[in-house]
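Shown below, as structure tokens, is a lone chain in the form predicted alone; questions about how it binds or moves come after it.
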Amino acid sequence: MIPNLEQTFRWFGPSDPVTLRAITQTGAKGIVTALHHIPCGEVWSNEEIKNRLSTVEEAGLRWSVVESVNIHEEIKTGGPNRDKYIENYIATLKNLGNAGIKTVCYNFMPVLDWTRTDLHYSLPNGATALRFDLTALAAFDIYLLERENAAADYSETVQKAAKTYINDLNSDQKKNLTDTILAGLPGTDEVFTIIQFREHLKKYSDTDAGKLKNNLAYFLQSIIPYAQEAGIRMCIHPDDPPFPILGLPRIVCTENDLKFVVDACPSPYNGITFCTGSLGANPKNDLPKMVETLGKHIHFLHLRNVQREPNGSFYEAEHLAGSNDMYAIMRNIINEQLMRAHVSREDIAIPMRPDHGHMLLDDFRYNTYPGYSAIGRLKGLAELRGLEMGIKRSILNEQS
């Protein structure tokens, strides 16, 4: 039978309250981490990479995936210094390849990474989850950020709801909403001020979706030959949420967007991080079909679920619940593994991690990064592990 997916866990480094020792108890063997302390755009030195690699290996684990080598805004906007930052990116890839780390996840989202409006959304069972509320985002956009012509991006129904929503918030709640939406990159405590964010918006004033796509293609055509030489599989993460927000374009949201990415620089080393939560927030995305169509390009899996709401809002559901058919998704992933085995590909055990777990039980005692509690993700990993085993056993029975 084909090997299992490689079970991994994200770890934010030595300051992460979820320790490597704790991760070994989840059953995961691989670590997904990055050198978050190195400013975006600077080269990751051989020494820094080896120090992190040694820490992971001393815990009996493997550094399976880098998530992420973040991309400087000059590259995304096509600024005058983009070639310098691309050269730095290539140098980092070479150093990672020399250390034997062969999978790098990245994203091309302007300014902000994944965006939520509530980091502690209460569920009926007392757990909490991450939530994106379109009304709350509109309220922030129109009345706190005061972006020019922001209201035009929302329906009249959402505009009215946003007005009611903002009127019901006190000053502390408004600050909390602002800090939640303007949180910086994962693994950092950076939060933009409204003034800082407005300055970032100005830098994108002449960068629409078409130009951003061209800049992504330029980046890929620059780095993929070096990634291939180093044996590094690059895998882009979809935009989260998968639609434009706050006046910023987002270009990795649909099957066609992902096809654009892999076609921009055709190579076995130019691929996809298939995130079922990010893509699944868009009801038009057929996730099982996307696995069938794009499966050979998938280098990394983020398996989680969301519960969609009619107006475009959603919250993080249990991994096997929610709006997306995780059984059908997993079955098609396993079918992709079978096809890889048939042609003797080396990357059959695709790295997989649970994502954005709920806060459960003793999780509330620790100040973990939002979505990255220990027990909540352990529950998700256990569910995914069982689903994978059950499907593989059923396929064996069908073949016997």
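Predicted model only: the values in this text are computed from it and were never measured. Numbering starts at 1 and follows the sequence shown.
There is also a form predicted in complex with a small molecule; it is not shown, and the following applies to it.
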- May I ask you to check whether Lys76 falls inside a 4.5 Å heavy atom distance of the small molecule in the predicted complex? no
- Query: If you check in the predicted complex, is His299 within 4.5 Å of the small molecule, heavy atoms only?
  - Reply: no
- Tyr218 near the small molecule in the predicted complex, any heavy atom under 4.5 Å? no
- Query: Any of the heavy atoms of Phe132 lying within 4.5 Å of the small molecule in the predicted complex?
  - Reply: no
- Residue stretch of 142-150, 174-182, 317-325, 107-115 approaching the small molecule in the predicted complex, non-hydrogen atom distance within 4.5 Å: 107-115
- Query: Taking the small molecule in the predicted complex as the reference, which of Ser64, Ser373, Gln337, Ser68 has a non-hydrogen atom within 4.5 Å?
  - Reply: Ser68
